[in-house]
Structures are given as structure tokens and as C-alpha cells.
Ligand SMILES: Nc1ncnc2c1ncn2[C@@H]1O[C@H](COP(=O)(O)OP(=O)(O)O)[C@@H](O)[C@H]1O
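A single chain, nothing else alongside it, follows as C-alpha cells in the form predicted alone.
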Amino acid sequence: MVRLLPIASGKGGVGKSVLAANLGLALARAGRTVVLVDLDLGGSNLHTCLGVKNKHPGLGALVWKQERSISDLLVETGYDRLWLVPGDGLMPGTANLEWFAKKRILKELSSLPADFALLDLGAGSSYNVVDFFLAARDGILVVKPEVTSILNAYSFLKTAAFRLLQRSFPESSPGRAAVAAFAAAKTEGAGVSFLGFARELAERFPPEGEQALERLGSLRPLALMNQGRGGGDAELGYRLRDIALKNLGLSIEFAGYLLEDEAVPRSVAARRPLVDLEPSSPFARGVAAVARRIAAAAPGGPAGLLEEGSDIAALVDEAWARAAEEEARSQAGLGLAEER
């Protein structure tokens, strides 16, 4: 059964599409069949990261019923086991999907004959983005080691938690009205979490409230810190996890920490994933490590990527150790060349 892996960010500029392309290729080279789905419908550009020409029908053709299924949209990327479903920023209205259109896309994605479907979502917290992010219990939220990025990520998670509760109740129902009233109130610092409120909903409005509580309790987003620079990066990661747990009742686990790498812009200009162009670079090796963790984690169960409480610090140490190892290897290679 295909495993959906949404990839989102609270704001643009964090390297989400570059990550999606490289993570997809890393999983494919680890023996998994992967479909990359460009769901950034207002600004589709995943094809450029893969060197695929923008001449193929995209998701807009499915939305407007010009194609019968997502399988008809699959495009070869030139890499074994890796396929692309292009987005579509050219067809009017594609970026603003009705709920039934989103449900159809998700149903089609769930039937793909692949191990993974990586969903490259648009930036920000629109309902289009959040609804696709909530299609899996463990979607990836990409952040940068900056206070503004952490705050944007928290805002995204807050919107996702609210949307999950809202969608659990029919329109115009007392339960949905209660969710709207709670979301309008200030919760930060008030000692009231979304999870605590969901428990109240379960008591007041069964069975929908009970289902909402179960879904919220099982949501365990994965965070990935990109463009790491050292210093206080781990502390920022802990800050995101702490405020998400305190204010929203959400447990976040870090899936990866990727170093800032000057080779990344070169790969974007070359239209080749860095995993292919320079597989020994710090970023590419970090992505390969993320792919191994994700492939090993059981879908539907606890992520268990690293020991609880040590994840982001351990990932930071691991990334810098890989970088030091590669630097030592490069220096040794230069030394041998000089001797010759």
C-alpha cells in the first residue's frame, strides 16, 4: 500500500521542493518505488528540480476531468523507480480546490502502485495545503534555523489542529460552532491546549467529538530543519517542539537536520537533484540519512526515528560529524594528489 508523505512549510524559501526532489530520489535509490506529486498548485516548480520539461498535463487536467486518473499523469523522470505527477499553475482555479476535488485527488493517490507518494505542498497555511498535510499522520514540516521560521511553523501546526477539529463536525453543527469559538479565543499562555479542548468535545458531542479526539491524538508531525548553520539550531528545534506540545497538544519528532550547502544552488541551476549530482556533499548525505529513517519507520505506528528527547541534538551532532568526515576525506585526497 502506498504511503503518503506530505511535505509542507509555514513559509516559502526553506527549500521544500529541493528537499522533496532529493528525498524522492534517495528513497528510489534505496529500492522504493516513489511518486513525486507537485501539489504546489499556485506555483508548481518541482519539475525544474528534476530536469523535466514543463510540457506534460498536470493535476489541473484531473481536476477539470480532462484525464481520468492520476496514473494517466505519471511522467518518467529519467531515474529508476522515480515518477512525477506535475502540478498545474496554468489552468484557472486549480490553486483553489473545492473539498470534493481534494478528496478525489487523495483517493487517486492512495491507489498508486508505489511505496511512497511524496506530496510537495505549497507554502503557508491555506486550507488547500493543510488538508493535504492532514492526509497522513506524520507529514514533514520543513523549517530553517530562524525564529521567524519556527513561528511560521507553529502557526501552520495551529491551523492544522484547528482544521482537523473543524472537519470532524458537519457544517452548521453545534460542534463546529464550538470549534470556531475556541479557535477565535487566545490560547497561548492560557493553559488550554487543543488536545484538552478536544477531550471536552468528545464528552459534549459524541460520536464526532470522540473521533476528533482520536485523530488529534494520533497526529505526530515530523519536522525537518534545513540550511543548518550550527550554534543554537538545536535550541530552536526544541522551542518549536515545546510550544507545539504545550499549546496544541501535538508531539513533534525531528526527522532530519540538513546543513547549509553551497552545492545546493549548483544542483538547482543544473536541474539535477544533489543526491545525483554530488552524492557525497553534506546535504545529499543528510537527505540519504533521512530517507533511511523514513523507510525504516513503520507506517501508521509511532515514528520512533530517534530516542525521545534527544532527536534534534543528536541529528545536529550527526550532521556535523558527517561534514567533518567528508572534509577529512577531501583533505586526504588533496594530500595524495600533491604527493603525486
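No experiment lies behind these values; they were computed from the predicted model shown. One-based numbering along the sequence shown.
Although not depicted, the form predicted in complex with this ligand is the subject of the following passage.
Student: In the model of the complex, does each of Leu50, Asp276 and Pro279 have a heavy atom within 4.5 Å of this ligand?
Tutor: Per the other structure, none of Leu50, Asp276 and Pro279 touch this ligand.
Student: When this ligand is placed as it is in the model of the complex, which of 211 to 219, 226 to 234, 166 to 174, 68 to 76 ends up with heavy atoms within 4.5 Å of it?
Tutor: Correct option: 226 to 234.
Student: By the heavy atom within 4.5 Å rule, which residue out of Glu253, Asp115, Glu108, Glu260 makes contact with this ligand in the model of the complex?
Tutor: Exactly one listed residue reaches within 4.5 Å, namely Glu260.
Student: So in the model of the complex, is this ligand close enough to Ala244 to count as touching (4.5 Å, heavy atoms)?
Tutor: Residue-level check for Ala244: no, no contact with this ligand.
Student: Indicate whether Leu248 is a 4.5 Å heavy atom neighbour of this ligand in the model of the complex.
Tutor: The answer is no: Leu248 has no heavy atom within 4.5 Å of this ligand.
Student: May I ask you to state whether Val264 is within 4.5 Å of this ligand in the model of the complex, using heavy atom distances?
Tutor: Within the cut-off, so yes.
Student: May I ask you to state whether Val18 is within 4.5 Å of this ligand in the model of the complex, using heavy atom distances?
Tutor: Result yes; Val18 sits at the interface with this ligand in the model of the complex.
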